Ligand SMILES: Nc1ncnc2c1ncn2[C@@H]1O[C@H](COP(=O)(O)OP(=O)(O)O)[C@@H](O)[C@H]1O
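A single chain comes next, written as structure tokens; it is the form predicted on its own.
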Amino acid sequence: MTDLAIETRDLSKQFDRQLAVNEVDLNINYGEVYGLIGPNGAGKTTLIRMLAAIEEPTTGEIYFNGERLRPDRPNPNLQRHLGYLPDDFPLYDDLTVWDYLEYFARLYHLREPTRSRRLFDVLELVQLVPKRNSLISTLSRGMKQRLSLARTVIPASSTESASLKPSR
């Protein structure tokens, strides 16, 4: 097992003649918070989309926990542990908060009783437990952002659940 949570080697992405990401080498340890800062068009979103297995790199390699992300074949084990929150965070307004999160938990193959425990954990993390039966359409923009964050962290392993609980 590697000491790195995420590693990239010579990661590049080119769109036609535009080089969006150029030979990026990342080494991110477990528990590290890593930020990307740069001007518009610098390749931040493209890099994140490649790490989330949404965009295929032109060249280079991506590793999670020492396991290579392969664009040419399914990566179900890796993808079960990835969460991605895009800028526009699409939501389904006609669902309740709980139903929305349960839908995504099922996509990650979480089974009962783990699924319900996990959903309560993420609702507690984002401080939306009282809104669990509310329609998404009734939430404020800030609550919708927190709900999107909750969806993103659903795949975190159960051993990480305790560390996801907000401090009081």
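Everything quoted here is computed from the prediction, not taken from an experiment. Heads up: residue numbers just count along the shown sequence, starting at 1.
We do not show the form predicted together with the named molecule, though everything after this point is about it.
Here the chain stands by itself, but in the model of the complex one stretch of 45-53, 113-121, 100-108, 129-137, 45-53, has heavy atoms within 4.5 Å of the named molecule. When the named molecule is considered in the model of the complex, only one residue from Pro39, Gly31, Gly66, Gly142 comes within 4.5 Å through any heavy atom, namely Pro39. Taking Ala20, Ala156, Val24, Leu147 one by one, only a single residue has any non-hydrogen atom within 4.5 Å of the named molecule in the model of the complex, and it is Ala20.
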